[in-house]
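Below you'll find only one chain, the form predicted on its own, shown as structure tokens.
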């Protein structure tokens, strides 16, 4: 079927709605009695509130990681920097990388997944609401344990990759690495629980008629990510347990003097670490695969190719880990195999870029802030991808390893790709989540400052790396600066200035959020003329998501309820507005809708696991206390009813659809 465009008169969508229908006035459904205030957040099992809390905690850690990065760039802005000592610099770059990967990127992707995946598949909630809450609190406890090291003797200092033997007790005698191993194990347990939960949700709770090939691309990418986590997290967990036993109980898993091989750690870490790259980037790919069609006013070009290329990226991503180890002496056969695999994984990524570009080609593009960030991702990720392909050439990779060229590459991929995708999602879905429009003028400044700051910060690092500046150096001298255009001094200064421009862009976003919360415009129900199922309900959605579970007949079901094809002109003709569709859903609401009850046991259990972990460092009594909390909370969880008596919706009028229950 050819690409179908709507007439331009039907394509104009104003940010300021002519009619705004607040969610509080839509319909007359009786809401259940629920706790309010701080209890309604700490004890919630509502996937939407959990998603918001994931986002809040991730943003807090993003700011912490950003401050750590600014301190590093301040140290390197000029020769003989005095801002940080060598030891403190080691802690900074270790915690910066750890925080950004494990405490910002993964939780922020989980925020979008938790909030929107059930909405996109037409479900009331996730499959296991209380396990969902447990995953959140494991993340929070793990993050607190990781950062507690700053106040208890010093943070981890072995790099976010924590290579042996540097991570052993000889070279890292403080407790920082111990906090690191414990924090990551706890946070990783939360990610594993969440991944199983989301897989079950997608496979078992889709709305009637929603086949796998009618799933939105965002849901598809999240599903692929959950399988990546299920297969990769156990590997890093094994590595962390081995490291913990070596440090705390005298084991010798990575001790060369005892006949062990430190490369074992590298293999275990990168078997997890390279799929982790796609755990971070695929959610952003999913977000812009929703944004680009909406603001290009066209269907996504080649939907099956985008879906299967995402799955191919996940599959091939498990076979390229050793390109991180070309300098480790693996031998020519291993190097050749992983070089070919590294080239191969560029193919499905290129397919996505091709499809995104053709989605925009010929469209009537609406340059909202969300669209700008989506286009920014395509541009910057392409640059990062091209520099990444150079690492498939083993001699080149060997020269670039441990230089700033590598730092430039993975920041173009992760910041230029992942972060730009996440910010596109912020601006696109904010009206749905909070019922208010983020300021587009501030958003535009946010984008341009971030785009300029990103290139100022990480672009020069390509030059620095090719000129031989090594990674993880805490100071450089005037004697090493060099002369002329390609000198350390000039490009380090540009990079440091760019980092503060980046910080300013994030500050503008936070100002935008605060301003919107105080006096932002109320959002219409369908501000973007959107295409997918999450827009078929109020903004923000009700506790039960949908007044009746929608029946799906098309890919982009919401769009096809608003438009039909005119057979004479082969264009799309409007037959209903988003507001009319939502009102129709409410008028035919299901009766007696069950909701899961709130529970404080997930929070208590997560705290108990954190205390139990700290007992490894601080003695048996603390370990016993933690074990007691875990046992008590587990017993309370089992004995607590999953659905409260007052958790039913009972509207005065409604349909006769079958009752749907979510149990934790």
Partner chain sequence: MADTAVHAAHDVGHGAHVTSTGLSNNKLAMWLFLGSECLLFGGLISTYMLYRGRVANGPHPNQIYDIPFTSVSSFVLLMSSLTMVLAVSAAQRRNDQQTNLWLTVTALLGATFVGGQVYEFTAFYREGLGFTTSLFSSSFYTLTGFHGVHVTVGVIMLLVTRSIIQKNRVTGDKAESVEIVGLYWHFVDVVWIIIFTLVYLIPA
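Just so it is clear, the model here is predicted, and its values are computed rather than measured. Positions refer to the first chain, counted from 1.
Below, we turn to the form predicted in complex with the partner chain, even though it does not appear here.
*Asks:* Can we say 74, 79 and 622 each have a non-hydrogen atom within 4.5 Å of the partner chain in the model of the complex?
*Replies:* No, the whole trio is out of contact, none within 4.5 Å by any heavy atom.
*Asks:* Looking at 519-527, 191-199, 106-114, 278-286, which stretch has residues with any non-hydrogen atom within 4.5 Å of the partner chain in the model of the complex?
*Replies:* Every other range fails; the passing one is 191-199.
*Asks:* In the model of the complex, does residue 595 have a heavy atom within 4.5 Å of the partner chain?
*Replies:* Result yes; residue 595 sits at the interface with the partner chain in the model of the complex.
*Asks:* Would residue 451 count as touching the partner chain in the model of the complex under a 4.5 Å heavy atom rule?
*Replies:* Looking in the model of the complex, residue contacts with the partner chain do not include residue 451, since no heavy atom lies within 4.5 Å.
*Asks:* Taking heavy atoms and a 4.5 Å cut-off, does residue 258 contact the partner chain in the model of the complex?
*Replies:* So residue 258 counts as contacting the partner chain.
*Asks:* For residue 204, is any heavy atom within 4.5 Å of the partner chain in the model of the complex, or not?
*Replies:* It does: once the partner chain is placed as it appears in the model of the complex, residue 204 has a heavy atom within 4.5 Å of it.
*Asks:* Name the single residue among 456, 442, 504, 230 that comes within 4.5 Å of the partner chain in the model of the complex, judging by heavy atoms.
*Replies:* It is 230.
*Asks:* Give me the residue from 425, 142, 129, 135 that has a heavy atom within 4.5 Å of the partner chain in the model of the complex.
*Replies:* Partner contact (heavy atom, 4.5 Å) among the options: 129.
*Asks:* For 231-252: residues with a non-hydrogen atom within 4.5 angstroms of the partner chain in the model of the complex?
*Replies:* Heavy-atom contacts to the partner chain in the model of the complex: 231, 234, 235, 237, 238, 241, 242, 245, 249, 250, 251, 252.
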